[in-house]
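Below you'll find only one chain, the form predicted alone, shown as C-alpha cells.
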Amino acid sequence: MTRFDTYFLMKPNDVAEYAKTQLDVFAPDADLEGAEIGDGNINFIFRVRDRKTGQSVIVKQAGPTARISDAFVLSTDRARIEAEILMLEARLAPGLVPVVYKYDAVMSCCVMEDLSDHEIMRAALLKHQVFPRFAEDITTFMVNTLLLTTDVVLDHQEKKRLSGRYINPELCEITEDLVYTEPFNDYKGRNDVFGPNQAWVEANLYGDAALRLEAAKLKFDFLTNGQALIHGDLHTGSIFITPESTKVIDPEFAFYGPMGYDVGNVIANLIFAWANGDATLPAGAERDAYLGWIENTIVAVVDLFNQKFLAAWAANARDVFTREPGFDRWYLDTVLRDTAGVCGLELCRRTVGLAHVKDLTSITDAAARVRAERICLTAAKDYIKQRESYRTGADFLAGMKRAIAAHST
C-alpha cells in the first residue's frame, strides 16, 4: 500500500514522490524535483525532472473541478479519455502527438513525454514567428484522426462502441455553453466583453436575430452529429511546435462530434494570430512577411485538408455507399460548412466569452484592440451566416478580408 492508492490532488513534492515510486521512467538513484507549470483552464500540469541528468516527464492530473472556475464540476474520467485518445492518435497520426508513458486510473493522471524543446504555438505566434511545416502537419493530423474514426472507414459496430467509450458529457457541456450559447446572449452573465466594444457587441451579436438562429442550428448539430472522434479543443494553445515538428496535446474534450469543429478551431486561431500581428507590428517587411504567412497558412490548411481528405477517402472508405460517385465530395462539403460555422463560433467566444486568447487581450492600444476584435467578430458573423458558401482556402481568406475592409481606417 502507498499513499497513491487513494486519489488526492497532488502538489509538486507529491508529484516528485509519485514519479519515483510509481513510474519506471527514471533511474533508481534519480534526484527528482516537481514543478507546477500549467496555465490552462482545466487541469493541473507538472514537470518532474531528474536534477542529475535533466531527464523529465510531464504529469497531468485531473481535478474534480476546472481550474478556471469551481462552478465547472467535472468527472476525473477525462484523464482516461485524454490518455486513450493520445495513444489512438499516435497510431493514426504517428509523430504528431506526445508519447504516453502511463495512465493512472486511481490518481486520474497521465504521464507523458516532456516537450520542453518545443514551444506552445500561441506563445510563438505572439512573438510573430512562422512555421512553414504547420499546414502540412496539422492537416495530416486532422484527416487521419477524423476521417479514419468515422463510419466511412470503421466497422459501424466498432464506431458505435467507440462513441460510447468517449461520451464526455461534462466537458461537452462546457463547449455547449461557452462556445455555442453564451457568446450570443450572455444568458448566464459570464461573458467578459472589452469595455469599449460592449455596445457594439450588444448590437451586433446579441441583437442579431438571424445570427442567433444560425448559432442555434449549429449548437443542435453539435449535440447530435456524432461524426468522428474529434479532439474537441484544437487551437494554438493545444499545439507544441518547432520549425521542424508539430505535436498536438490536450484532447481531454474528445468525443464523437462534427469533424468541422476541429478544423474550424484551427482556422479561427490563425485569424487571432493575424489580428495580433496586424494590431502590434509596425509597417515594414517583418509585418508583411508575418501577415502574409498567416494568410497563406489559412488557405493551405483548408486546401490541404480537402486534398488529403479525398485521397484518404479513396484509400480507406469501406461502406458500399462510399463508392457512389460524388458522395465523397458531398460529405466533404458538409464538413467544410461546419468548419466555417465553428470558425465563426470560436472567433466569437474567444472575443466576448469567459475564456479569452492572449492574441487579443495582450494588445495594449485600446483602439487597436477594438479594431482587432471587430474584425474577428465581423468575419465570424459571415462564416456563421454564410457557411454554405465556404469551400476553399480562398473562400475563407476572402471572408477575413471582407471583415478587414469593413474596419479599415
Ligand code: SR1
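Since we're looking at a predicted model, the values are computed, not measured. Numbering starts at 1 and follows the sequence shown.
Keep in mind the form predicted together with the named molecule is missing from the figure; the text below concerns it.
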query: Contact flag, I42 vs the named molecule in the predicted complex, heavy atom cut 4.5 Å; finding: yes
query: Contact flag, K247 vs the named molecule in the predicted complex, heavy atom cut 4.5 Å; finding: no
query: Touches the named molecule in the predicted complex: D233 (any heavy atom, 4.5 Å); finding: yes
query: Proximity of A355 to the named molecule in the predicted complex, heavy atoms at 4.5 Å; finding: yes
query: Contact segment among 366-374, 47-55, 346-354, 29-37, judged by heavy atoms lying within 4.5 Å of the named molecule in the predicted complex; finding: 346-354
query: Interface residue in the predicted complex among F309, W274, F141, F253, criterion: non-hydrogen atom within 4.5 angstroms of the named molecule; finding: F253
query: Position in contact with the named molecule when the complex is considered in the predicted complex, options A279, V152, I174, L332, heavy atoms within 4.5 Å; finding: I174
